[in-house]
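The chain that follows stands alone, in the form predicted on its own, written as structure tokens.
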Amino acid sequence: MPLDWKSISGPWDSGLAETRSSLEATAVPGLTLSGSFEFSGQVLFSDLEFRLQPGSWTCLLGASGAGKSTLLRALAGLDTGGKFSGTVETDDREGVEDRISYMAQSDLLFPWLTVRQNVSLGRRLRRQRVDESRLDQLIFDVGLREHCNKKPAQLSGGMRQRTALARTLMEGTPFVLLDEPFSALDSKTRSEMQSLAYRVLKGKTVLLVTHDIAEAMKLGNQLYILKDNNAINHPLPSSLPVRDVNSREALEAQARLIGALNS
């Protein structure tokens, strides 16, 4: 299991084309969870079927305590503290073990390691060969080439999250689970990170758990609301991500989404 750990302009943009091409060259499967979950006698979801479409972003919203992070952890095969009864299946039937990367709200960087060392840590801990060329490319892609030998204390919050994103990419898994990874950032940095993440994760099967309605509207290819012990598929605008959240279409869709969350 990997460790926990459309576009913004910048001098690293040229390297993103190579990353995108390599991702698009390999088709990735979808992922489906079916089942029920109980915690301390309380049913969080029941007879649920939750599907991540292959090679796209699924956003999951819901009230605090609805079970969003629990559902994410069940998908990843992590301890949930409760009882999950059901199955997690991939389209190719090869299972999820060692095929999922997880990016949390906290960057989870090791303070005594440099950017390069943090990004490659998973492979080094598993005693796997580190592809130095790929490592350099990923650091370049997230705009940290000039900061690769700095330690976390020398980085801004956005730079730390870029490092965490590069570490996620370094794992090379088809499935990526994002648990509110941008919520602690200021609005400008958050917007930049959202666009960068969507671009460099192109072609992956991604789940984004978020409380941010605008974030889900901006990035989602499909969207679920977790409420009433079920995951409800909610329609999104016909335009493709990354969307302009201030467009009339997106604002109207956000209003409908707020109504669905509050109903």
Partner chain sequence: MSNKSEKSRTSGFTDLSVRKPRLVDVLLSVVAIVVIWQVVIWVSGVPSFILPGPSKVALALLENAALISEHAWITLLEVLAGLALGTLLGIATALYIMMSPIAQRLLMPVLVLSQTIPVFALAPILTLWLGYGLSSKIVMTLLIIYFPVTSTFLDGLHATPRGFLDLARTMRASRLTTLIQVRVPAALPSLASGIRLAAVYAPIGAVIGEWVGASQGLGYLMLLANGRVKIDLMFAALITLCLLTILLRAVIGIVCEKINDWAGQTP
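Treat the numbers as computed from the prediction; the structure is a model and nothing was measured. Numbering follows the first chain given and starts at 1.
Below, we turn to the form predicted together with the partner chain, even though it does not appear here.
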| item | value |
| --- | --- |
| Contact stretch among 132-140, 98-106, 180-188, 82-90 - heavy atom within 4.5 Å of the partner chain in the predicted bound form | 98-106 |
| Interface membership of A76, the partner chain in the predicted bound form, 4.5 Å heavy atom rule | yes |
| Residue contact check: C148 to the partner chain in the predicted bound form, 4.5 Å heavy atom | no |
| Close approach of E192 to the partner chain in the predicted bound form, 4.5 Å, heavy atom | no |
| Partner contact for L121 in the predicted bound form: the partner chain, 4.5 angstroms, heavy atom | yes |
| Those residues of 138-171 which, in the predicted bound form, come within 4.5 Å of the partner chain by heavy atom | K151, A153, R167, E171 |
